[in-house]
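The chain below stands alone and is given as structure tokens, in the form predicted on its own.
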């Protein structure tokens, strides 16, 4: 009777897992095995596959477009994963403070993550046009650069003077004290306005017309259109990872910070010795998800390289290289070559994640 109950329980579990097992079997395992088979053949969807051995893999590394796609993929993955991890952690630390209206701030900062990839790509095309908002904002920034520098200098002088005054009275304070900044900022604004009236700082002529999209020019070895995709993708992925960091921060006992404060630990010591070690499992998750997601960049390359007018050589990634060989424009599909590239991308993703786990942040928590 007991064996029958356990058998029935196992059948129920198998029944509930059946949709997932079917999906994994058909769309992942079967597709993977077919890709492995096609990668050793010359196949164009219309003629029977012809076995060619390792020719497709050797051909990959003789194709300049594949090498460019490989470089773009690795550079994009490294830059975006670093930026989104660092900025998401900073944002989570800021939103973990006990401030009034913090729930509204968390909602506002999470909103970019609900934007679909297509909508984000269209927004990217609009922002990074020659007369788009990015170039206009840069023009405005350069035109008012003297005012901004004067404002920053006056704010630093006023804030520093207040900090010195408070310390002379024996009050412990820091340069970033927000209460002192509430007085320093309006005084600095008035001082900057006075300097403008006296003609000591003036608005300059500045017009930025960076061709972000229709160009193959590079900065730090990365083409401008890919930089545009990097900035946009970082902006839309930060909120998701911010939520993960915020959940991790909520799980750290406050008693640890209270004990450290009693021992006289500074905020930096508490961050480096308490927060970061206890966030290691979340850091591992964020970095791993970031690496896997960025190595598979495809849809934004399709939008920017198509309707955006960016040259293919400036935006191509490994995922787009696979797509371009299966669905080439005006040519027969190269399924064998695309399968070899897809398997190379899968192996590269696994290798990067294993290297990150071995030499970077692992999932092991602090003990």
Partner chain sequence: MRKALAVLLALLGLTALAQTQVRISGWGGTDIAIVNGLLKEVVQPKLDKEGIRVVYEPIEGDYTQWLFNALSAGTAPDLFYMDIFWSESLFATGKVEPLDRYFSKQEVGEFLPNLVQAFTYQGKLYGIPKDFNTLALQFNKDIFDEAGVKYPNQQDTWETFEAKLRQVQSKLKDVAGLCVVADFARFGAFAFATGWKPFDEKGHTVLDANFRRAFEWYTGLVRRGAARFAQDLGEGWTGGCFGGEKAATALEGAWIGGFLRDKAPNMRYGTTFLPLDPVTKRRGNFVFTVSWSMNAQSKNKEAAAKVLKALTSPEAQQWVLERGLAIPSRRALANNPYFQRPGKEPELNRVVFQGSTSQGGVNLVYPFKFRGFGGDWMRPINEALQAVLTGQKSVDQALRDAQAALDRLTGRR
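Numbering follows the first chain given and starts at 1. Owing to the predicted nature of the structure, the values given are computational and were not obtained by experimental measurement.
If you look for the form predicted together with the partner chain, you will not find it shown, but the lines that follow are about it.
This chain is drawn without the partner chain; in the model of the complex, the residue among 60, 319, 312, 35 with a heavy atom within 4.5 Å of it is 312. Only one of the listed residues (303, 323, 40, 66) places a non-hydrogen atom within 4.5 angstroms of the partner chain in the model of the complex, and that residue is 323. Residue contact with the partner chain in the model of the complex: residue 217 places a heavy atom within 4.5 Å of it. The shortest heavy atom separation between residue 130 and the partner chain in the model of the complex is within 4.5 Å. In the model of the complex, at least one heavy atom of residue 332 sits within 4.5 Å of a heavy atom of the partner chain.
Although the partner is absent here, residue 211 lies within 4.5 Å of the partner chain in the model of the complex, judged by heavy atoms. Exactly one of the stretches 253-261, 157-165, 130-138, 277-285 approaches the partner chain in the model of the complex with heavy atoms within 4.5 Å, and it is 130-138.
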